[in-house]
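The form predicted alone is given below as one chain in structure tokens.
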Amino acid sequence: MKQFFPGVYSFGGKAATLNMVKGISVYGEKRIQVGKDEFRIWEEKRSKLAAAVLKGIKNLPIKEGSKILYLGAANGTTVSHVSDIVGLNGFVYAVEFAPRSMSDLISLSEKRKNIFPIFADARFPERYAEVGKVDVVYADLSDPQQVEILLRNAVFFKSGFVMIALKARCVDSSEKPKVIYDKSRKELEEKCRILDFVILDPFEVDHGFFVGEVKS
């Protein structure tokens, strides 16, 4: 079976993850049975991380057993696939500030025991300090200071890697996305070594995706 990365499989050009909770779809995604295993198709138009995989990122620091801090978890679409990848020996701390989305995350966590919903504002990592050290901080935030928030959390939780789905129009709707990407790269490079950058169009218009390794 072909793989994009360990834990991320390829089915006819689509990404997929091994379903940790057999028989259940999270957001209506297709499930495929292969022997005793069940895989969930990872829809690239519903998940920026899936889009980044299909657009060719070469580094995915999210692995089996990883401890992930996910900022801007929303309803848990991407969180659920990260949950599949890290498995029962890993953890996904899902930070979200919208009450409706948090309700969905709590329901998801009842089925997936490696997801820990945190109702909090990602701008204030000290409010969920009990998370402790993490391997990766992942950010998908609708905030003009999304890079700053990502880095603040990465430093606070002593993360080894960062990943961000950068919303250019959210940073500055009057500026060209390329200019935003370049400015964001410089901001990230103050604390990280950039490993990957891809533009997510056409799956997510005016979005760029960075993967970085935090400087020691």
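This is a predicted model, so every value here is computed, not measured. Residues carry their position along the shown sequence, with the first being 1.
Below, we turn to the form predicted together with a small molecule, even though it does not appear here.
Open item on the list: Please determine whether L108 contacts the small molecule in the model of the complex, using a 4.5 Å cut-off between heavy atoms.
Closed with: Close contact is absent here: in the model of the complex, L108 is far from the small molecule, nothing within 4.5 Å, heavy atoms only.
- [ ] Consider F97 of the chain shown here, and say whether it contacts the small molecule in the model of the complex, taking contact as heavy atoms within 4.5 Å.
- [x] Contact with the small molecule, yes.
- [ ] Evaluate R127 for contact with the small molecule in the model of the complex, applying a 4.5 angstroms cut-off between non-hydrogen atoms, and reply yes or no.
- [x] Residue-level check for R127: no, no contact with the small molecule.
TODO: Decide whether D84 counts as a contact residue for the small molecule in the model of the complex under a heavy atom distance cut-off of 4.5 Å.
DONE: Flag for D84 set to no.
Task: Complete contact of T17, E38 and I41 with the small molecule in the model of the complex (any heavy atom, 4.5 Å) - done: So, no: the whole triplet misses the small molecule.
TODO: Name the stretch: of 85-93, 109-117, 72-80, 129-137, exactly one has residues whose heavy atoms fall within 4.5 Å of the small molecule in the model of the complex.
DONE: Selected stretch: 72-80.
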